Every structure is written in C-alpha cells, then in structure tokens.
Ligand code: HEM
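In the block that follows, a single chain appears as structure tokens, in the form predicted alone.
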C-alpha cells in the first residue's frame, strides 16, 4: 500500500514538473509569435509610410536626403516611356511621311514668272550666321536627343553592348555641351527677329490657301499676301520661341550639377523637356521641307542672304512693296 502511494506521489511530481516546463515554453512561443507578428505589421507600416514619402532622418544633407523612396519618379518614368517616347516616334515618322507624300503628289511650289536673275537683299550677314548657328546646334540636339530617347529600342537591339555604350555616352556628352550653345543662338534670334513676327489680318488667308504651295484644284496658283515673314514662318517662330524657352530652361535645370532639385521638380523638367522637344522636332521637319523641297528658290535666302526678285514678289509681296516704296530695296552686285 505504501509503495503504491509513493508511486502515485512520484507520478504526480513528474506531471507537475512537466507542466511547469511546458507551460512557460508555450507561453514564450506565444509571446515570440506575437512579437514576430507585431514586427511584420510594423515593417509593413514602415514601408507603406516610406512609399508614401514620409521623411526620415539620415546622415546625408542633400535635398530630400531623408526620403528613401519617391514614387513620383517611377510614375514620371511610366509617362515618359508609355506616352512621350511613342509620341516622339510618331511625330518624326508621321510628319516626315506626310510631307514626303505631299511632295511626291504635289511637287514644289514653282515661281510663276520664273527666276528674274536679280537678287534682292533679305537677310543680313549677321542674320545668316545666327540662323545657321541655331539650326546646326538644334539639329545636333535633335539627333542626339532622339538617340537618347529612342535608341534603346531602334539601335541597341542591332549592335553590341559596347558599341551602344559608346554611342549613348557620345550622344549624352554632345547633347549636354551643345545645349548651352543653342540657348545663346536661340535667345539672340528670338530677340532680334521678334518685331517682324506679329500676326496680321492677311495671315489668315495664307492658312486658308496653304500658303500658295498647292499645285492642283481650286488652290492652284493662289498666292496669298505676306509681309517679311509669312503666316507659316510666324507660327514656326512663336513655337520655337515658346517651346524653345521650355527646352532651354528645363535643359539647364537638368544639366547643371550644382542645382539640387527635388525629385518631383527634376521629373517634371524631364517630361516638359520631352513634350517641348516633340513640338520643336515636328516644326523643324516642316520648316526644312518648306524651305527646301517645297519652295523653289527658298533655300538661297539662307545661303547668301539674297532672294530672287520674283520669289520676293510671289511669296512676300507686302514686304517687297514696302522696301521698294521706302528706298531700302538693295540688289546684289
């Protein structure tokens, strides 16, 4: 009997000791699981706050140094890749194709009375230099800019990585250094030529008859009145003036390393730069077509500064009448 009692007592002690060991361990595990759950929740809350742009504290002192993640940059990149880049490609291919088809169907705008052989001063030597300085720098920016924006899709797949790395580095370097040169020529040209670019009532008719460049149908032979600059040239000038200002401003913001810009401002500058470039590229293609293939004798104006007298009468009759009336008409020797 006593032995049975001792066995029961020993069993009870073993059970009690087991419970005393298991229960704290279970409680500890429960506490650890709760702590891990709380830690996971805390981490999730922290990353949500970080992605929302909550500012923290870091050792860095630059602008937005305390912001770990700025989602606006990713959103801006999506806009650039999904909308601006395709629009730029569409403008380059679309505008060029439209004018190529128009030229093949319509042909150039011929001088009704042919060339007179007498050359009239239209642009000064300074104007010619300014024009070509701005034109060459603008063309260099367009080529390098298109490569930077679209080259990854239309050039890189067909060449090696080393060749592409050289090309993109070259284009980026040229783009950064030519940009300020374009800015100088652009600013001088805008200030110097602006007085002659105000729209007049007769400019509306220029648009209605497409400037007299159409060689068929009811518009054939319709040569609208025009002053020193026709309505198309005025539209090109003001587009260049306005969007050129956006291009130059955002370009300087992005290229100068000393400017510590917030990420939102930098991305907005990139997007505005891209949209402005689309407008400038489109008008540049139109300007080149109009001044060369579509206008007989038009390119000579910016080669020598002189234009044929019949060209002046046909395309800029109001200006020709003015300089003839006031005695400022000058012929090439």
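Numbering follows the first chain given and starts at 1. Not measured: the values here are computed from a predicted model.
This next part talks about the form predicted together with protoporphyrin IX containing FE, which is not shown.
Look at 187 to 195, 159 to 167, 240 to 248, 89 to 97: in the model of the complex, residues with non-hydrogen atoms within 4.5 angstroms of protoporphyrin IX containing FE sit in 240 to 248.
179 is the sole member of 76, 179, 211, 227 with a non-hydrogen atom within 4.5 Å of protoporphyrin IX containing FE in the model of the complex. Note on contacts: among 136, 128, 148, 261, the single residue with a heavy atom within 4.5 Å of protoporphyrin IX containing FE in the model of the complex is 148. Candidate site formed by 287, 290 and 299: none of these residues places a non-hydrogen atom within 4.5 angstroms of protoporphyrin IX containing FE in the model of the complex. Residue 111 falls outside the set of residues with a heavy atom inside 4.5 Å of protoporphyrin IX containing FE in the model of the complex. Proximity of residue 105 to protoporphyrin IX containing FE in the model of the complex: non-hydrogen atoms within 4.5 Å are absent; the residue sits far from the partner.
Contact annotation: residue 142 falls within 4.5 Å of protoporphyrin IX containing FE in the model of the complex, judged by heavy atom distances. Although the partner is absent here, residue 255 lies within 4.5 Å of protoporphyrin IX containing FE in the model of the complex, judged by heavy atoms.
Contacts with protoporphyrin IX containing FE in the model of the complex, taken as any heavy atom within 4.5 Å, map within 263 to 281 to 270, 273, 277, 280, 281.
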